[in-house]
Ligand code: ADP
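Encoded as C-alpha cells, the following chain is the form predicted on its own, with no partner shown.
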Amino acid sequence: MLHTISFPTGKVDYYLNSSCSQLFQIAPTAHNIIITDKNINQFYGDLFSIYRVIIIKPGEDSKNWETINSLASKLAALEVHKTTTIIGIGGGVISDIVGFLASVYMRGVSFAFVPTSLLGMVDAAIGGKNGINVDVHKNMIGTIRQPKFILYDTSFLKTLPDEEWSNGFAEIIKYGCIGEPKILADLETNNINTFRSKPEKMNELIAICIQQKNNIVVSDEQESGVRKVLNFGHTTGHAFETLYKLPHGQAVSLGMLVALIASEKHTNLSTTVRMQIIQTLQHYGLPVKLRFDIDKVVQTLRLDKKRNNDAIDFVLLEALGKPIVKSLTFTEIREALQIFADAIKH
C-alpha cells in the first residue's frame, strides 16, 4: 500500500504492508546501493544480494566519523554519483548513518530505508532526522533531510529479540502520551505476543505511529517549535543511554518517568498518569527504575543540544495527549532526578 506525505524539503513514499521483494521494482539495482549491518546481512542478505552491498558493524558504536569516512571512501570507489539512491536496511543505527552519509556525500544524494526493527519502523526511520555521535554525546552532529521512500516489511520482525520488541514499544507508548491516548488503551488490552502473532494488528499500529509523528513533523520539519514534543522522555533518556549503555527504548522508558515527575510539579499533572504509564511500561517489558549518579547525568545534560544558557527545553505533559515544552533549569531537572532516584528505595 503506497502512501505519500509531502514535507517542506520533499515528499516521502511510504510502502506499508509491503514485502522486501518489491524493492527491485521501486529501486532498480543498476543505480542503487545498499548499506546494512552484519546481523541483517546474515539473516536476510539473500533478499538483496543482487544489489551492490556495503556491510558495517552493528550497534551504536558505529555511529561515528570513522564509519562515515570509511563509507564515503567505499562509495567513491564504487563510483556512486548524484543519481544513486543509497538504501539503508536495518534498525535505527543504520537509518541514522545512511541518512547522514547521504545528506553530506556529494552535498546530498537520495536515500531510502527498509527498517527491520520495530524501533526503526515506528520512529527512527520517520521524520528526516539523521545523526552521528561525538564522544559520549548522542546525535551531536546531524541533518534533517527526508528519505525518498520507506518500505515496511513486518516479516523482518520475526527474528527480532524480545528486548528489541520492548525497545520499539517505548516509542509507541511515547506517542500515546504526547499524541493519541487511545494508543495506550490499545496497548493495555493487548501485549507483545498479541502484536507478534497478528501481523495485521502490528501493521495497523505502525500506521498509527507514522501518522502521529508525521502530523507533527509536517508542520515543523526543522524543529523550531511543535516538533520538540517528540523529545518526550529523550532528554534524560539520552543521558541514561550514554552513561549506562542502555538500549534506546529502555532509556526512553526511564526518561519518560523523569518527565512525568517533572510534570507533576510544573504542570500539576496527576500522579495517577505516572502510575498508569509505569504499568504500561512494565507490561511491555520496559524498566521503570535505575540506579544512577545524578551528578553524572546532570553533567551530561549540560551538553544537550536543547540547552539554553542554564536551562533545557524539556517536554512535559499537562495531561495525556497534551504535551508542552517548558524551559527547566538544571536545578529543577536535578529535583526530578532526585525524586526518581529515591523511588528505588521504596
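The first residue of the shown sequence is 1; numbering continues from there. Just so we're clear, the structure is a prediction, and the values are computed from it rather than from any experiment.
Note that the form predicted together with the named molecule isn't included here; everything after this is about it.
Taken together, D37, V93 and S117 are fully in contact with the named molecule in the model of the complex: each brings a heavy atom within 4.5 Å.
P58 is the sole member of P287, G45, G321, P58 with a non-hydrogen atom lying within 4.5 angstroms of the named molecule in the model of the complex. The partner is absent here; in the model of the complex, the one residue of S270, S197, T159, S219 having a heavy atom within 4.5 Å of the named molecule is T159. Using a 4.5 Å cutoff between non-hydrogen atoms, E164 counts as a contact of the named molecule in the model of the complex. Of the stretches 175-183, 205-213, 232-240, 118-126, only 118-126 has residues with a heavy atom within 4.5 Å of the named molecule in the model of the complex.
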